[in-house]
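First, one chain by itself in structure tokens, the form predicted on its own.
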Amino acid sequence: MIQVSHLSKEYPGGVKALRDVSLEIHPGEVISVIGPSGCGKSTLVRCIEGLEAPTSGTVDTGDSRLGMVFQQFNVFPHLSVLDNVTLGPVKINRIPKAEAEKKGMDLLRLVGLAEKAQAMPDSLSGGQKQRVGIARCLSMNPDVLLFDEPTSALDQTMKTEVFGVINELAKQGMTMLIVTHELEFARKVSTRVVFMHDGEICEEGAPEEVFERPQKTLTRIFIRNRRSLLFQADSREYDLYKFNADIEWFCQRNHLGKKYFTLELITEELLSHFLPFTGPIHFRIFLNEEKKLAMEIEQENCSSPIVDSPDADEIALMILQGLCASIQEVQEGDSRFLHIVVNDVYDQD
């Protein structure tokens, strides 16, 4: 349906956003484009839509009609939800208003917003506005839907609303290209995943291949870093607010719900009652091979038991043991390591 051939895009100042990118999109495919910020994902989708002119290369869309859903919703604030959805068909396609409204209501039912048909956008949540944006795109009968980070401005609950609609469209066979930072969603909904780095397509393939068996080093590093959180505390004056914010962001992007609450309690107990600060403390939070939430803590310049110490505070130890499914201590050279698996019982979702 779409053939992108040797596409390059250079902005003023010599910024090369795309470098010789080629991509094919076939009917019924759901392609997720992932990669670090600034790698060219959004520029690619904007060039396909025609919002950006490539410096070189071509985009052949044939007879395909394209629809695009943006990051910031772009709903018309002075129009009702239904009028937002029917404006294009009436003004551009010259469809009678009654016919456009009938189809518009069907589309609002599809995205779960039929009861909001007469509401004004300022009364809607971000997730609802984005679903209006999707319905508005669908009202123009596109053959291909393009999504440019459609959930980047939403919290986790609102993201789930939008993901549900996109997943339903995938089940119905809609051809879609989705630029996203949501790796787990990309893995679940996609037929193909494209990983970009520095303006180039570094690797592409089926979701299980890209996420479980990546062939390129850059892909492996990106996937691993998205699934882990690193933090270092050099003293008891460490930045608690940043650490907790990083933990919550890690849980959001890995769809771990409110497990950040458990992680914050564990780290607070460790830093307040157990870790002796004999040197820098390194935290690594990650999903292990069993998809369990785990932590690895290294206490430098420490050669004595930490949690297993006979002097450990009994109440703090009971709290910590209740939060953790397992705690193992290992001595490696001058460092003491704690290997922790978080207890699922304390999942707050």
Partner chain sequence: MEVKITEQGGTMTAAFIGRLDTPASLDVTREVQPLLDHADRTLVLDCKDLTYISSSGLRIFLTIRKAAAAKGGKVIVQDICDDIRQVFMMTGFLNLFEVRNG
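All figures in this text were calculated on a predicted structure; none of them were measured in a lab. Rigid core here is just the name for the largest C-alpha set that superposes within 1.5 Å across the two forms. Numbering follows the first chain given and starts at 1.
Form predicted in complex with the partner chain: not shown, discussed below.
Peer 1: Taking Asn84, Val162 and Ala170 as the candidate spot, are all three within 4.5 angstroms of the partner chain in the predicted bound form by heavy atoms?
Peer 2: Negative, none of the three is within 4.5 Å.
Peer 1: In the predicted bound form, which of the stretches 233-241, 193-201, 208-216, 85-93 has residues with heavy atoms within 4.5 Å of the partner chain?
Peer 2: This holds for exactly one stretch, 233-241.
Peer 1: State the residue from Ser272, Gln118, Thr157, Ser123 whose non-hydrogen atoms include one within 4.5 Å of the partner chain in the predicted bound form.
Peer 2: For this set of options, the contacting one is Ser272.
Peer 1: Looking at Glu101, Asp246, Glu268, Asp143, which is the one with a non-hydrogen atom within 4.5 Å of the partner chain in the predicted bound form?
Peer 2: Result of the distance check: Glu268.
Peer 1: Although the partner isn't part of this model, could you tell me whether Glu264 comes within 4.5 Å of the partner chain in the predicted bound form, counting any heavy atom of the residue?
Peer 2: Result yes; Glu264 sits at the interface with the partner chain in the predicted bound form.
Peer 1: Using the partner position in the predicted bound form, report whether Ala316 sits within 4.5 Å of the partner chain, counting heavy atoms only.
Peer 2: Yes, Ala316 sits close enough to the partner chain in the predicted bound form that at least one of its heavy atoms falls within 4.5 Å.
Peer 1: Looking in the predicted bound form, any heavy atom of His181 within 4.5 Å of the partner chain?
Peer 2: Output for His181 is no: heavy atoms all beyond 4.5 Å of the partner chain.
Peer 1: I'd like to know whether Cys302 contacts the partner chain in the predicted bound form, with contact meaning heavy atoms within 4.5 angstroms.
Peer 2: It does not: once the partner chain is placed as it appears in the predicted bound form, Cys302 has no heavy atom within 4.5 Å of it.
Peer 1: Going by heavy atoms, what in 59-80 lies within 4.5 angstroms of the partner chain in the predicted bound form?
Peer 2: Result: empty, none.
Peer 1: Would the C-alpha of Ile266 be classed as shifted by 2 Å or more between the shown form and the other one after rigid-core alignment?
Peer 2: Where the cores coincide, Ile266 still shows a C-alpha shift between the shown form and the other one that is 2 Å or more.
Peer 1: Relative to the superposed rigid core, does Lys97 relocate between the shown form and the other one - that is, does its Cα move 2 Å or more?
Peer 2: It does not, since the Lys97 C-alpha is displaced less than 2 Å between the shown form and the other one after the core fit.
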